[in-house]
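Quick heads-up: it's one chain on its own, the form predicted on its own, in structure tokens.
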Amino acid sequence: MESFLNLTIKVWHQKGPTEKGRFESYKVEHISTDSSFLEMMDILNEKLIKENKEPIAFDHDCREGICGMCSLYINGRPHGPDDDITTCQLYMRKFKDGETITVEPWRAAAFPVIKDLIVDRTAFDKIIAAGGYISVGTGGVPDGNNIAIPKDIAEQAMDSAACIGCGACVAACKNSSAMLFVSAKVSQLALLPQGKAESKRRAKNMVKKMEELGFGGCTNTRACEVECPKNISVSNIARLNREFLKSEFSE
């Protein structure tokens, strides 16, 4: 049954990466428990605009849990107090009437704040670019589909490819490590025959780029796996470590 909430929203405001940020609190009333978190933020922004105040900048696109842009740190958790969801899939029924909700951007040196709740995640794009290309020609679609791949291996590769690059793993990690993201991207190719040709170079270059960009090291607390909206397994990190060691010993 639909009900309504009156809430206090404590939001991080920051004009730019070199500016000093601060928290500001706002009241929102009569918020439907059937509303998504981003819909609540829309309502708050409409209220601010009507009051001739600057709206809160936050990132979003598909609002279907696919793009990974809705990267908000809510009440101490990436994407908020629910499991296996992105922020756009978080509903207000997860909160209580009269509650204060604290909303922050991802906190990582490699993800500088652009404005308010929006961070620059182009570091992930640079890691992907460092991984390079696949040189194996498979011909047309029928030819590619004829490459024999065991079902369990194909499923593992697809599970790894499910990573949407939202950065929740980085936000959850006490060291701001990107190991879960990098390992997922390495695994989705390392498991398949098409990705074997560049596998050693790919792992080495992506790990090197990750370190250059200021991401921390992995200490195996598995917080990344817990907060990942797509259930990416830390077993990928073990695979990344193996691929990286292969690249080191092959020289």
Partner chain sequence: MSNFLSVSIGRKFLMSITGIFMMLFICVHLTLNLFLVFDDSGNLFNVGANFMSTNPLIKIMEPILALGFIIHIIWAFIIYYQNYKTRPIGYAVTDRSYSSNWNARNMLVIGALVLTFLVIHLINFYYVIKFDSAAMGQVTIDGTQMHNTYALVAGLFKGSVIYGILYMTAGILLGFHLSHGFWSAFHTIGFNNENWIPRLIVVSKIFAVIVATGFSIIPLYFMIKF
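Everything numeric here is computed off the predicted structure, so don't read it as measured data. Numbering follows the first chain given and starts at 1.
Separately, the form predicted together with the partner chain exists; it is not shown, and the next lines address it.
- Mark residue 83 yes when one of its heavy atoms lies within 4.5 Å of a heavy atom of the partner chain in the model of the complex, and no otherwise. Taking the distances in the model of the complex, the answer for residue 83 is yes, it comes within 4.5 Å of the partner chain.
- Item | Non-hydrogen atom contact residue 76 with the partner chain in the model of the complex at 4.5 angstroms | Flag for residue 76 set to yes.
- Does residue 199 reach the partner chain in the model of the complex, with heavy atoms at most 4.5 Å apart? Residue 199 lies outside the contact set for the partner chain.
- Item | Distance check, residue 28 to the partner chain in the model of the complex, heavy atom within 4.5 Å | Taking the distances in the model of the complex, the answer for residue 28 is no, it never comes within 4.5 Å of the partner chain.
- Query: Candidate spot 172, 219 and 223, all three in 4.5 Å heavy atom range of the partner chain in the model of the complex?
  - Reply: The answer is yes; 172, 219 and 223 each reach the partner chain.
- Even though the chain is shown alone, can you say which residues of 177-208 have a heavy atom within 4.5 Å of the partner chain in the model of the complex? 179, 207, 208, in sequence order.
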